[in-house]
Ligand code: E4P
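Below you will find one chain, with nothing else, as structure tokens; this is the form predicted on its own, and questions on how it binds or moves follow later.
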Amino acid sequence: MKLLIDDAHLDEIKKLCDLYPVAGVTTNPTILSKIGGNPFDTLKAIRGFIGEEAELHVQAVSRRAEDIAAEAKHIVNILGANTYVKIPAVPEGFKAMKILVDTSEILITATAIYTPMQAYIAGLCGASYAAPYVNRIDNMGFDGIRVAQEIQKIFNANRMETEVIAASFKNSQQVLELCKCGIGAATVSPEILSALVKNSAIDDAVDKFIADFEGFAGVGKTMCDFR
């Protein structure tokens, strides 16, 4: 399961990419609204930092299929290879996906997914990813983890190339549960990504090892000080 950062603050992205094996960055209109200004200034800066090999997911906001397709081509034209255009899994969105698959090589992430059938139809339309909103599904009184797992089973059973990219998490346990079933990717906020390995017992163990070493070798000493 690939991990992506669900954020547009460049400082946070730089910090997390330095620490963790991150496959790319996902954004949406709400995330970009927190930065403001020309959205392409933000997105170009992100692309410039993560490079052409990493994934960058950007959402189209038009409502009509033809307009969505035109917007998708504009996004990719500016941001280049490995840019996935997020298109809502709604009727006009499905039509736009078909248009793009038939006329271009644009990569599609079907977004705003709350049901397995949305994901299935998006897969039939040629989407590369389907993004179920795990925590938002939970907030509606359903089981977001189970929905994501059902989507994965549907893709496997029908031998579809579309992968799940789960989104909208409230805690690291949700990410763990999906990691167990081998979904394609999860996109998480900086807070959730950092929480994946945050544990006081881990910190205590590392501090104890260092203290024991310095106890016989000297404060501030490391293995580099010895031959």
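On a predicted model such as this, the values are computed, not experimentally measured, just so you know. Throughout, we count residues from 1 along the sequence that is shown.
If you look for the form predicted together with this ligand, you will not find it shown, but the lines that follow are about it.
A.B. asks: Indicate whether this ligand has at least one heavy atom within 4.5 Å of a heavy atom of residue 133 in the predicted bound form.
C.D. replies: It does: once this ligand is placed as it appears in the predicted bound form, residue 133 has a heavy atom within 4.5 Å of it.
A.B. asks: At 4.5 Å between heavy atoms, is residue 168 in contact with this ligand in the predicted bound form?
C.D. replies: Yes, residue 168 is a contact residue.
A.B. asks: Quick one: does residue 28 come within 4.5 Å of this ligand in the predicted bound form, counting heavy atoms only?
C.D. replies: Flag for residue 28 set to yes.
A.B. asks: Work out which of the listed stretches, 100-108, 151-159, 125-133, 67-75, brings a heavy atom within 4.5 angstroms of this ligand in the predicted bound form.
C.D. replies: Result for this chain: 125-133.
A.B. asks: Since the partner is left out here, which residues of 68-104 would have a heavy atom within 4.5 Å of this ligand in the predicted bound form?
C.D. replies: Residue within 4.5 Å: 86, and no other.
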